[in-house]
Each structure stands twice: as structure tokens, then as C-alpha cells.
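Next up is one chain by itself, shown in C-alpha cells, the form predicted alone.
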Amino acid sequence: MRGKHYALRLLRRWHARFGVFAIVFFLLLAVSGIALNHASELRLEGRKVHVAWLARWYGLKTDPPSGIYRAGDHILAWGNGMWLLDMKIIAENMPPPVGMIEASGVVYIATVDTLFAYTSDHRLIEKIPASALPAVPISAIGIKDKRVELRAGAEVFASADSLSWKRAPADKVAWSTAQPIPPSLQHNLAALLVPEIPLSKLISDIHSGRVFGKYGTLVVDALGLLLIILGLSGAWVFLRSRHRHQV
């Protein structure tokens, strides 16, 4: 009898310890499951997480910002495929820009084969592809007499509306050049240009265990099995205790 009582006390002790851990795990599953079931109402698809260590955990490239361009009061920074205009992300999965200018209240950003036009409050006006440009690859963008100037190879082209282009002389053009990032901006830019992780993916990976790596799902399965064992052992302890009281 003593052996049975000792085994019962030991089982209760470990049942309580594992029970606390299981409650935390169950709450995590419950909260993440509810969030996924109401993803549209919570607008999870449109929300993203910028955390450097989490990006590294997912194996995402986290290079520091590459440089900045200045045009008037505007600052363009780029890194990890993102463009940051005046500390606001305006584009993702983008190549490095070759320059930025401001002409007649419009902000122009050029890549080697595309010209982008933005309003001063960061709204995209137009994306001008290579087929609508006078020549590619573009090596520089500049401004002269409020006209947009593009350099492609040894030739320079000018436009007052970014639609019709004419060859132009290269003299007296204020070309946009990359500048080093001031130390005062380094930390803020690096934090903002961390690769984004969709919140819905993060919650889904937490729920399934994939966030913990290739063995994460096995861990979740093991914890699920632990919940079953705790349930059965809890029922056994309850029935044994009830039987003892009745005797």
C-alpha cells in the first residue's frame, strides 16, 4: 500500500509541474489559433513585423542601409530591397536606386531601367518602364532648369514632363549622387530597413511550431501528446482519490 501511495503522490507532483508548462503551451496555441481564425477582422495580412533578431532567425538577409540621396527636403535611403523616403517605406523588393531629384513638386527616383514619380507626401504617381524611356541602362538622374535629366551611357536626355524626351548637353546638370549616412540616422534607418515578416505568417508558424525550426513541429506534436498524457493521468489521479475516499 505504501508503494501505491508513494506512486500516487509522485504522480500528483509531476502532474502539477507539467501542468503549469502545459497551460502556457495551451494558451499559446489557443491565442494564436483564435488570431488565425479572425485574420481578416484583425487585418493580419496587412501587418508586418520589423525585428532584426527575428529576421535573422528566419534566415533573412539583414544588411545595413547602403546610402542616401538628398533632394530638397527629402531623403531617400535603401537597403534589404526596401526604399525609405523621409523615414517611410515606399517600396519593397526593389533594386538599388541610381538617384533622386525633385522637380516642380514631384520626387523622381531612378533605377537602371525604370523611373518612378512620387508626390511630396510619398504617393506613387507613375512608374515609367524602360520602353517609355529614351535609353537604358540609366546611370544617373539630375535636374537642370526644372527639367528631369537622365544619363544613359555617354548620352543625356531631358524632359519637362517625364513623358517626352530630347537629347541635351551634359553641362550644368545637378546630378544626384549617393551620400554617406550621417551617424545620427544610422540606427533609425537600420531599424526601419529590417526585412519585414508578415504578422499572419509569424502567428501561423508559432501555432504550428515551425517558428522553432525544422524540429518545431515535432516539439508541438510532443507537447500535444503531453497534454493527452496529463489529461489521462489527471483523470486517473481523480478516480483513485475518489475511490480511496469512498473506501
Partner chain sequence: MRDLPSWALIPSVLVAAHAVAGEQVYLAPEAFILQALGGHAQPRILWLTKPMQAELAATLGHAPSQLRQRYWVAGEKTAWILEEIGKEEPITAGFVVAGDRIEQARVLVYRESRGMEIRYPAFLRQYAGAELTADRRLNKEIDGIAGATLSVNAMVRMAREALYLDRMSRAP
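Positions refer to the first chain, counted from 1. The shown structure was predicted, so the numbers you read here are calculated from the model rather than taken from an experiment.
This protein has a second form, the form predicted together with its partner chain, left out of what is shown; the following refers to that one.
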> At the 4.5 Å heavy atom threshold, is R210 in contact with its partner chain in the predicted bound form?
Replying inline: no
> Should D113 be counted as a contact of its partner chain in the predicted bound form, where contact means heavy atoms within 4.5 Å?
Replying inline: yes
> Any of the heavy atoms of P198 lying within 4.5 Å of its partner chain in the predicted bound form?
Replying inline: yes
> Would H187 sit within 4.5 Å of its partner chain in the predicted bound form, counting heavy atoms only?
Replying inline: no
> Between the options P180, G33, G46, P64, which residue brings a heavy atom to within 4.5 Å of its partner chain in the predicted bound form?
Replying inline: G46
>> Going by heavy atom distances of 4.5 angstroms or less, which of R123, K88, K172, K146 would be at the interface with its partner chain in the predicted bound form?
In response: R123
> If we take heavy atoms and a 4.5 Å cut-off, which stretch out of 97 to 105, 134 to 142, 74 to 82, 172 to 180 is in contact with its partner chain in the predicted bound form?
Replying inline: 134 to 142
> Which residues from 136 to 171 come close to its partner chain in the predicted bound form, meaning a heavy atom within 4.5 Å?
Replying inline: V136, P137, F157, D161, S162, L163, S164, W165, K166, R167
>> A 3 angstroms or greater change in CA distance between R43 and N188 is reported in the predicted bound form. Closer or farther than in this form?
In response: farther
